[in-house]
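One chain comes next, on its own, written out as structure tokens in the form predicted on its own.
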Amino acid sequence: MARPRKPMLSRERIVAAAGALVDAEGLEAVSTRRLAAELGVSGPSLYNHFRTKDAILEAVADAVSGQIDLSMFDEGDARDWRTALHDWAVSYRAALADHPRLVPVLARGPGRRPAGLRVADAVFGAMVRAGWPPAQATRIGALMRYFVTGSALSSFAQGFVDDAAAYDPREYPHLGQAHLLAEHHHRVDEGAFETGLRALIDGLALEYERQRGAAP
């Protein structure tokens, strides 16, 4: 009986293996040697698909960008720009929160990544169609990236240890419950994100009305 053939090496297999390594161990775990071992191939065979480790990480980042829902920016979608921006930001953060160790790569911006550029194009186009001047639409895209990537980069609540003795009331009179934050970090972090997102969009809505009122 013939021996089963190994699956052919492909960009998709390399990206999936690299993404799994990043998720499990961090960006530093990815190397061409380690990936070759994980995939059961020789190191040089990776170079038929990617020239450098950075190119692999860019492809992994682009795969994550491709998970972000952009349907709310379709021209036929009935959501107004405020709701669309909110729903997109929630999907954006969810994609990043699933891969927090990759956020530093995604935070650099889309570069030449196709899916990342589609995200930027969709947001900018939707804001311009809604009546925002192009310069302001660019700024909105930027501030949303700052806000979402920052929220996904780390957990506020998990920054506090779960030891009540660490918060001497003589030194920190208002942190008597801080040791409970880590235990409830999902609820705290999700609530903080939603509060900040709504405040941000409410502020944009005020600016939008101000600009429309000032238009001749």
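Please read these numbers as outputs of a predicted model, since none were measured by experiment. The term rigid core refers to the maximal set of C-alpha atoms that superpose within 1.5 Å between the two forms. Numbering starts at 1 and follows the sequence shown.
Heads up, the form predicted together with a further copy of the same chain isn't pictured, but that's what we're talking about next.
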Proximity to a further copy of the same chain in the model of the complex (heavy atom, within 4.5 Å), stretch among 43 to 51, 63 to 71, 30 to 38, 181 to 189: 181 to 189
In the model of the complex, the one of L9, V15, L21, L200 near a further copy of the same chain [non-hydrogen atom within 4.5 angstroms]: L200
Residue contact check: E25 to a further copy of the same chain in the model of the complex, 4.5 Å heavy atom: no
Residue contact check: P133 to a further copy of the same chain in the model of the complex, 4.5 Å heavy atom: no
Partner proximity in the model of the complex: R108 to a further copy of the same chain, non-hydrogen atom cutoff 4.5 Å: yes
Partner contact for P100 in the model of the complex: a further copy of the same chain, 4.5 angstroms, heavy atom: no
Residues from 136 to 174 in contact with a further copy of the same chain (non-hydrogen atom within 4.5 Å) in the model of the complex: Q136, T138, R139, G141, A142, L143, R145, Y146, F147, T149, G150, S151, L153, S154, S155, F156, G159, F160, V161, D163, A166, Y167, E171, Y172, P173, H174
Rigid core superposition, D162 Cα moves 2 angstroms or more between the shown form and the other one: yes
